[in-house]
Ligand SMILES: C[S@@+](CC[C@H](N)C(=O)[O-])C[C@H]1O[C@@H](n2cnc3c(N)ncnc32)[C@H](O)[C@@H]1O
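Here you get one chain, nothing else, as structure tokens; it is the form predicted on its own.
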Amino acid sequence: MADNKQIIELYTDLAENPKKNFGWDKGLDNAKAHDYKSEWIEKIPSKVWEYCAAVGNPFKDADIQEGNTVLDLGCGAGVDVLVASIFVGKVGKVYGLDITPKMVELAISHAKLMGVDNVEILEGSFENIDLEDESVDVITSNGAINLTLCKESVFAEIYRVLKPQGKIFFADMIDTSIDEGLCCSMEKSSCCDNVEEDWANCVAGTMRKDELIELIKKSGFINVECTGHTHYTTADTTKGANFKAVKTSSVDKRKLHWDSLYQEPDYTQVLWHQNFPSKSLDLIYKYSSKDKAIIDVG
């Protein structure tokens, strides 16, 4: 995280004071504004919805099947974890991961309150997820990835724990500023007057939509798409948005790597290259004849 201590302090405050005005939308009205379905609202205890600080609705586009294993990053008090448990049914499994101990406690108690036994809440960092490789079908997140400083590491971990062709559906804040002088993107966060507060309030850690999509693609994902904006905002230059992507296979990831290299304006500068293969031709002429077949590997 950008500043774990400050973020933990803020979300501990939210855990202890869900009705406090933090300057951003939350609660049941916020969930309804994001089109959380009435059937979810009815099944999940009303007390849980007080903690809904969602910036979007990751389930709007989600493809979650009964029996799936789902991981919710930045689960907070467990709202989206409990929604996911409705999707996967009793034969599925839902993990929630959060860095704030008080939120972890709340999520555990809320799962017990709802009476679901297929939910497990983990405490820890997105950059070191305590799950096996290729063990998760779907990953969701809601306004949490933008709180991380090294998003490349986060998406590398997401890629690691997802099964081949696994999917990620998440809502997060994006930087909508056009003026390059504004300091709301990740690269410019150091120039903010109050960087710690801006990180925890989902401002300084945001990236522009195209930057975020490109980062996700470079992490090995395909079909990366921003599926729409939400009403949520934390500053004049931020807006909530929903995203989805699919994990490629390891073969596809290597293909993407080499394809991207050859798309460089001057690919001769990014790999071994010779203008004329004189050495190779000398060897071919020396050790073969016209009636021999030759294969060039690689």
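Only a predicted model underlies this, so the values are computations on that prediction, with no experimental measurement involved. Note that residue numbering follows the sequence shown and begins at 1.
The form predicted in complex with the ligand is left out here; the points below concern that form.
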**OP:** Assess the spot marked by 69, 92 and 116: is the ligand within 4.5 Å of a heavy atom from every one of these residues in the model of the complex?
**Re:** no
**OP:** Please run the contact check for residue 164 against the ligand in the model of the complex: heavy atoms, 4.5 angstroms, yes or no?
**Re:** no
Original post:
If you check in the model of the complex, is residue 153 within 4.5 Å of the ligand, heavy atoms only?
Top reply: no
**OP:** Tell me, yes or no, whether residue 224 is in contact with the ligand in the model of the complex, where a contact means a heavy atom of each within 4.5 Å.
**Re:** no
**OP:** Check whether residue 135 has any heavy atom within 4.5 Å of a heavy atom of the ligand in the model of the complex, and answer yes or no.
**Re:** no
**OP:** Name the single residue among 54, 241, 64, 44 that comes within 4.5 Å of the ligand in the model of the complex, judging by heavy atoms.
**Re:** 54
**OP:** Could you tell me which one of 121, 207, 103, 88 places a heavy atom within 4.5 Å of the ligand in the model of the complex?
**Re:** 103
Subject >> Contact stretch among 215 to 223, 155 to 163, 74 to 82, 107 to 115 - heavy atom within 4.5 Å of the ligand in the model of the complex >> reply: 74 to 82
**OP:** For the stretch 88 to 117, return the residues whose heavy atoms include at least one within 4.5 Å of the ligand in the model of the complex, in the order they occur.
**Re:** 97, 98, 99, 100, 103
